[in-house]
Ligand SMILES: Cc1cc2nc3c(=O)[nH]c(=O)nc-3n(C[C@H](O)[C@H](O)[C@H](O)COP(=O)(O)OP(=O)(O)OC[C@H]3O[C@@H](n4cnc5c(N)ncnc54)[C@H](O)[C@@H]3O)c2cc1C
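Only one chain is included here, represented as structure tokens and corresponding to the form predicted alone.
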Amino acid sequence: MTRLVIAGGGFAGFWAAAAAARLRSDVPALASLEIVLISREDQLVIRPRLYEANPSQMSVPLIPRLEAIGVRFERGEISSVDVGGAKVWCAATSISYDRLVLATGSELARPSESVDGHGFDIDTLAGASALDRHLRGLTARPESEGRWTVVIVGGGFTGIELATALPERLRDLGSASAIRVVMVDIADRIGASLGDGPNAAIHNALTAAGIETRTGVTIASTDSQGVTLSSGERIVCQTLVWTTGMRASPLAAKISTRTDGLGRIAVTPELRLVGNGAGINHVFAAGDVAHAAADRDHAILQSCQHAQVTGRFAGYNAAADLAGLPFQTYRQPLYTTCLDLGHSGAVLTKGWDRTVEATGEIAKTIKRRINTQLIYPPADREAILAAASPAVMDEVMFRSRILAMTK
């Protein structure tokens, strides 16, 4: 019996397992293939929704879905991968493999200023739940300076979605005091990493929500009462949140020295690891841990959108390799984003130049359906396998599947 191991239970890992199971069901030579998914959690966390209220509800059970498609689940914290020996280690226990898909994701890139333990994050379900409990607990605190002040460090996608959601979340908690949300970023404007296209929509949304910004500065120090900026400004706050971007799982650097600035491991167009070492060609990578080319000029981003698709390709190719079948070459030239802007709706963009396709309530309708429907994996066997094909969104699919949501 041959074994394909999927390391990681996020979007990339789940869809890698599903794509391999789909190919196994179609190819008699793979009938005896054992597919094993290893993850420390038996839940698939809906990470793109962790900026919302009630984050404890933002997950779906993994095990029933894996059982439906004949994939074995193993709970464990992966400590290392022995590529030469073809083993995955979880503490003192190892699991051997014939092919491996590394899909261990990413983690918050906390700056050195946060090592003193001050501040929350929404990088994980546990982190988002801790912030949610903290916000709810503010109502029981005595009125004091900074009680309803939130400082968010990081002005990218996650920071913007959290910032624009917070005023309503805090009002829903019964705050009768003035709510103050301050975004801090080293760039010259909030949302600079998202390009020029959505800039006006972001600026207008922040202004409408009364969100303050401090740009071109960093955090010089933090304490339990607030933060001090590199400009010397002191902001008293009882809530500090880090949304300072992500870095790939440290496992990538333990497997290969060919990593990029985000710690992502280099892969071929088939998502196989680049290199000539023993066993390296038996390992594939997908999602936030992989530096994969979306097209000739762009590498994929650490996003749910790219994790799902690269997961499908990596899982398919790993299983195809065992059966001696041709690989599917991954390319994803059409990139889209839909950024939630709280009461100002949302902004939908298309392409790497972030051309705005919709704003306001029209875009908000699309965002809700993406967040509550499209990114959720189905539970039924046939539906999972049908959705596991290694295919990418093109212009026709974008217009029929995304833009059609407003009709």
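Residue indices: 1-based, along the sequence shown. Treat the numbers as computed from the prediction; the structure is a model and nothing was measured.
Missing here is the form predicted together with the named molecule; even so, the following discussion is about that form.
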item: Partner proximity in the predicted complex: residue 48 to the named molecule, non-hydrogen atom cutoff 4.5 Å; value: yes
item: Contact label in the predicted complex: residue 367 to the named molecule, heavy atom within 4.5 Å; value: yes
item: Contact test in the predicted complex: residue 41 vs the named molecule, heavy atoms, 4.5 Å; value: yes
item: Proximity of residue 12 to the named molecule in the predicted complex, heavy atoms at 4.5 Å; value: yes
item: Options 180 to 188, 246 to 254, 326 to 334, 132 to 140; stretch whose heavy atom lies within 4.5 Å of the named molecule in the predicted complex; value: 246 to 254
item: Among the candidates 78, 322, 86, 170, the residue which, in the predicted complex, approaches the named molecule to within 4.5 Å (heavy atoms); value: 78
item: Option touching the named molecule, based on a heavy atom within 4.5 Å in the predicted complex, out of 259, 303, 268, 239; value: 303
